[in-house]
Ligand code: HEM
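A single chain, nothing else alongside it, follows as structure tokens in the form predicted alone.
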Amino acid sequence: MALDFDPNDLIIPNNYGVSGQPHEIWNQLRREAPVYRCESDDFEPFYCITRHADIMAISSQPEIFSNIKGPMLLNHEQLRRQVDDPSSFGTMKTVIEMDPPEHRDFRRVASGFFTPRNIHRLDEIVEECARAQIDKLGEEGEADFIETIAQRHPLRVLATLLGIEPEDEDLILELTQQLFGSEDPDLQREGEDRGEASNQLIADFGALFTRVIENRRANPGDDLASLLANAKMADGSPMGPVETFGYYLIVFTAGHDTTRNAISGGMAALLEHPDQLAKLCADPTLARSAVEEIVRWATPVNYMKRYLLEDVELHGTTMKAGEHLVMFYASANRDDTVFENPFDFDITRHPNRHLGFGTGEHFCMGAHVARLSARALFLELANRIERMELAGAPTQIHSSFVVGLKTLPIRYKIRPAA
């Protein structure tokens, strides 16, 4: 079926920076072509999967829909670099690039730490962090909510978990932005070609995490940093150095930018829907359901790629082994067969079966930390906002994989902490 849209609008980072997520295209695809083959001059061909039920089904069959080729679509330049330099960042293997049984073995290393019961010991940390960040705003004024709050709050929480010292936070923030904003002119590295930039980025992360790993091996504690540094596999052997580094990298970078973008997207949604902000401030106990709606609404992880290990027919379309498909979570989170009035932002929405944290084998390990972190921040805001409004137009990050706002100017008046 030929539809009237440009496939580049689904995947080109700059298009997201200009227009945001392409919901009108996804609406059409869900109705008319839920499995649609896209070809782009810049990217490898892929099948676009847009319905909630199909993403749920695909995610439950890792024996057919594999992660071994990585979660992101690669453009032709990246594919060439991967062939020319097999040791480049694009080919580094983390738990996200694994299928069962290997994936289950590596996931088991840290999954116990991320259980809801275990995560509750972080309550005091996230509450103090949320209060401290909002205190920095002062009583009233103007600020960029992302620079002052949204990126700093999850940064401090994750740095605490992973043994990153406060003096290294600015560095790791810069590196994380360069990783997920590599196509954004305001965030990407300057003065290096893309291949050199990727390799230097991984080297800089490596230097930072190596210090932490060595410290936690010499001085183990009961934190996540120590757990990963001293991890053993099911057979009792130590986790390899590349895999250990990959674990640190994925926990921090994925955990930070996704939470940052959920928080900033949620604040923007509340300011654009003042009735919902008023409802939250009147009843701060709604912070729990508000966070679920915020994750659905913002969907920071826009998509995940899968690689077909065998031929599959879906909705009358045959996808061949060796081809790629892309599951657009942001589309699934507006599927009107699952969500009533999906384009309404409703912080009391229930049920809310969103896919903002994925589903199946690769459901986000850090979902409980992300929820706890965001909930603490919005609870603190709900108790302290006297007035808050947009002070200018927000801008979008030039990224199609992890998506979100780059700036969110606000004007505010805040009550002192109780």
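Residue numbers here begin at 1 and follow the sequence given. Just so we're clear, the structure is a prediction, and the values are computed from it rather than from any experiment.
The protein also exists as the form predicted together with this ligand; that form is not presented, and the subsequent description refers to it.
In the model of the complex, no heavy atom of P34 sits within 4.5 Å of this ligand. E361 belongs to the set of residues with a heavy atom inside 4.5 Å of this ligand in the model of the complex. Put simply, G266 is far from this ligand in the model of the complex: not one heavy atom of it is within 4.5 Å. With a 4.5 Å cutoff on heavy atoms, A262 counts as touching this ligand in the model of the complex. Across the options 122-130, 304-312, 231-239, 342-350, residues that bring heavy atoms within 4.5 Å of this ligand in the model of the complex belong to 304-312. The listed set H273, R211, K279, R107 contains one residue whose heavy atoms approach this ligand in the model of the complex to within 4.5 Å, identified as R107.
Note on contacts: among L227, L137, V95, I202, the single residue with a heavy atom within 4.5 Å of this ligand in the model of the complex is V95. Interface residues of 318-333, taken as those with a heavy atom within 4.5 Å of this ligand in the model of the complex (partner not displayed), are limited to Y329.
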